[in-house]
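Before any questions on binding or motion, here is one chain by itself as structure tokens, the form predicted alone.
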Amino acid sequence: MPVTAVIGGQWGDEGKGKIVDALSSGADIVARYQGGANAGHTVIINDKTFILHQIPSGILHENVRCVLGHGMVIDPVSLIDEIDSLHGNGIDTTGRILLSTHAHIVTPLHRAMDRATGQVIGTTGRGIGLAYSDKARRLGIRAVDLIDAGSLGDYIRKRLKLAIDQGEITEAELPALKDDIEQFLHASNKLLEYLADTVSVMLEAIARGDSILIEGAQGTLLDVDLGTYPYVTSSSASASGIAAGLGIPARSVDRLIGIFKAYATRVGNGPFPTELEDRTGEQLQNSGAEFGATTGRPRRCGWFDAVAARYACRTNGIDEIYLSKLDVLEKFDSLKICTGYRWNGEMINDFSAAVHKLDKMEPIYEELPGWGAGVSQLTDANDLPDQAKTYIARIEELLEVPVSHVSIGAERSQILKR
């Protein structure tokens, strides 16, 4: 590769897990640098579905080691469940999961606080934002702290008292929390065998010239700094978070792949200029099976937003694009691409100029012809219908980045190189 990063270019759910899985066959290490169990990567192999939340999808390749970097926040209960599920499906993870000793930990307290406060933003309720908040407030607990059971118990008691004093958790939550904390302590003990100095692992692998694949969660438009704040995730989901989240030099990334869906979707609250709140939107949702892998929530659907996508390409420095779910669009006789916004009679073509008032933007569309059924049966990108080639070419022109691959179905084999 030798160091390739895969970044979501929209509001997440672009199909990163599937692409990472496909690219992982030639990797020595697959590393994740941010987010937590609020991510959901779905990979289908021989009709068997794997849903991964914290472990990179490279784990499905037997010779790949997976690094969970210190930029992540780790839920021990969820992670142990994930490992057990992989074992139950015949995936041997022995010696292949390396958890940073400096990754912050999501506790049952964070989840309880999130349930009480997260609905305004539309979070997954997994405690991710609260764990990142505690990290910034110097109130957090890291994976290395799981080693000392006594200190871990002290931390839980002190943090629980603070949460009650500050009104972050009510007395009514305490009975349920007792069982959750016991489960958490048990899972935390089981995680100890996976702890590693992942910074050294990554730096040594880079020095050896190992093939490394870096995986992002969520998408650029949910980045805490670059996204549609405050309706964003709590970490740097863009390429800017890689160096900080893994402890490697930013210049070590040789190739940056942007994953974009052939249309647009969004989970949770927040502005979405091209959203289709009509029958067309429902058709996109049903045809694309647009329901969250983590929450099961239906995703909001809309036409491809080239203004937002170009912003993602420029801010990340994307070298090439993997365009996913092209097959979903075969249901439509005509398609639209948003090429600009209109606000108060003014034309706006720069997302960064519009992001703070995105809910007021009226999308300006360019219409293109559809191509009908049959795309999902193809094995060669050269055989794509002319209308599909025109659609892809227009996206390349608007984003000023080449589309190197298209995905036409859920299986590994349905990724076509152009």
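Throughout, we count residues from 1 along the sequence that is shown. Note that the structure is a prediction, hence the values are computed from the model and not measured.
Omitted here: the form predicted in complex with a small molecule. The next part is about that form.
| said: Just to confirm the contact call: exactly one of 89-97, 191-199, 321-329, 340-348 touches the small molecule in the predicted complex at a 4.5 Å heavy atom cutoff, so which is it? | reply: It is the stretch 321-329.
| Would residue 42 show up as a contact with the small molecule in the predicted complex if we use heavy atoms at 4.5 Å? | Residue 42: yes, in contact with the small molecule in the predicted complex.
| said: If we define contact as a non-hydrogen atom of the residue within 4.5 angstroms of the partner, is residue 10 a contact of the small molecule in the predicted complex? | reply: Residue 10 lies outside the contact set for the small molecule.
| query | Do residue 408 and the small molecule share at least one heavy atom pair within 4.5 Å in the predicted complex? | reply | Residue-level check for residue 408: yes, a contact with the small molecule.
| field | is_contact(residue 299, the small molecule) in the predicted complex, heavy atom dist at most 4.5 Å | value | Judged by the heavy-atom cut-off of 4.5 Å, residue 299 is in contact with the small molecule in the predicted complex.
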